[in-house]
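In structure tokens, one chain follows: the form predicted alone.
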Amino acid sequence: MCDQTFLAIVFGPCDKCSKEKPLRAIYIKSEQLNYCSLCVEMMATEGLHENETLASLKSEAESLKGRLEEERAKLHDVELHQVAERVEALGQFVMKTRRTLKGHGNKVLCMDWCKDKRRIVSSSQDGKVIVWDSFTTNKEHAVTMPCTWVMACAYAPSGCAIACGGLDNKCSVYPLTFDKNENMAAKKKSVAMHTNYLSACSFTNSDMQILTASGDGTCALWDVESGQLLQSFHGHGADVLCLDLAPSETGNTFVSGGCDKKAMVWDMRSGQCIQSFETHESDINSVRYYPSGDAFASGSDDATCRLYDLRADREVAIYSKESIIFGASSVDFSLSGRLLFGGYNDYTINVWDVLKGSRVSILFGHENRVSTLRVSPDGTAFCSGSWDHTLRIWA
């Protein structure tokens, strides 16, 4: 999302020519090197065969991409909504705001549910991270970060810690205790360091590892205890804005989306991209796995949400209407996977029938763009956060 994109240019000595210039971070066998643009261009042309140019290689890569798309198209025999024609249509259902959480002094940028289905962590442009009791709307913990624009926050699976980060380029983990007087900032642990802003973070299936995405174009897996980098994921051509971990307990994959309009599926063990989808026409702001783990949805600034089937290796549905012209900032599935909730920049939440591709409801209430949205772990409600400084719980 362009409103959250910040470019950090680093000046210093180039690792190749040693001249003081604006630097670009490049990675060779997972090792980060800082090269000036001239050295990057020279390195790119090294090892070219006779009569080969960068233009000819780019053209060859494009033709190979085209052939891949042709092979994918051969398997494209039927549309999802055609298969779903015999499925019974969804009846009318009423969802409304049941709780409003007020306390942030600026735009709410991210939120996450605790596994206990009750507590919520949220982060804001005001630099605050707040832990809420969603039943009573009480604030249980509050942390003031050293920077504004805290774009990412996550609850640990045990419920005993939270992680957050943003313009400080770091991911910090705070342990939670029942002692209301304890200074949480004193127990802060800085786990991850990127070379640009932190856009998303998520614990893996334990409290001991955390995945991060950043404006430096990479994702990374870190050990929480030691702060050691376990694996880095390079492949996006621009800022990575979002990520989501595969839902299975043994899930070794995650999906990421970014400003290069690509959604990429990664193997956490090898660090390799195993699938890539490029059908959106603008930045991908949100990605979320289908509950079975066989598909994922994405929301983009092109005003569409899309569904990708991993087994079919292609996009199988587009959720859009001509009347929707604002970008989708956040998406999530209902527990059954039949509904897709999308938060939009026109202050609304659209509810889509995943199978039929039709909109079944539109929810009003927020007074500014909806920036984040998550369904509760038991599927009985969902929470949305907005630039109107509030969070709302819907059921």
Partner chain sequence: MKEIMSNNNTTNISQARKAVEQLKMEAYMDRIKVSKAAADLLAYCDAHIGEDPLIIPVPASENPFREKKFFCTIL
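By rigid core we mean the largest C-alpha set that fits within 1.5 Å across both forms. From a predicted model like this one, the values you see are computed outputs, not experimental measurements. Residue numbers count along the first chain shown, from 1.
There is also a form predicted in complex with the partner chain; it is not shown, and the following applies to it.
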Residue within 4.5 Å of the partner chain in the predicted bound form by heavy atom, from Asp179, Glu322, Glu281, Asp77, is Asp77
As a check of understanding, the residue in Cys160, Met193, Leu90, Leu230 with any heavy atom within 4.5 Å of the partner chain in the predicted bound form should be identified as Leu90
Check: Closest heavy atom of Arg338 to the partner chain in the predicted bound form, within 4.5 Å or not?
Finding: yes
I'd like to check something about Val83: if you look in the predicted bound form, is any of its heavy atoms closer than or equal to 4.5 Å to a heavy atom of the partner chain? yes
Worksheet entry | 4.5 angstroms heavy atom contact with the partner chain in the predicted bound form for Gly12 | no
Hey, in the predicted bound form, does Leu355 get a heavy atom within 4.5 angstroms of the partner chain? yes
Partner contact check in the predicted bound form: of 285 to 293, 160 to 168, 213 to 221, 193 to 201, the stretch with a heavy atom within 4.5 Å of the partner chain is 285 to 293
Residues in 56 to 76 that come within 4.5 Å of the partner chain in the predicted bound form by at least one heavy atom, in order, are Leu57, Glu60, Ala61, Leu64, Lys65, Arg67, Leu68, Glu71, Arg72, Leu75, His76
On a rigid core superposition, would Cys36 pass a 2 Å threshold for CA movement between this form and the one not shown? yes
Problem - Exceeds or equals 2 Å, Cα of Glu60 between this form and the one not shown, core fit - result: yes
| message | Tell me whether Pro22 is among the residues that move between this form and the one not shown (Cα shift of 2 angstroms or more, core superposed). | response | yes
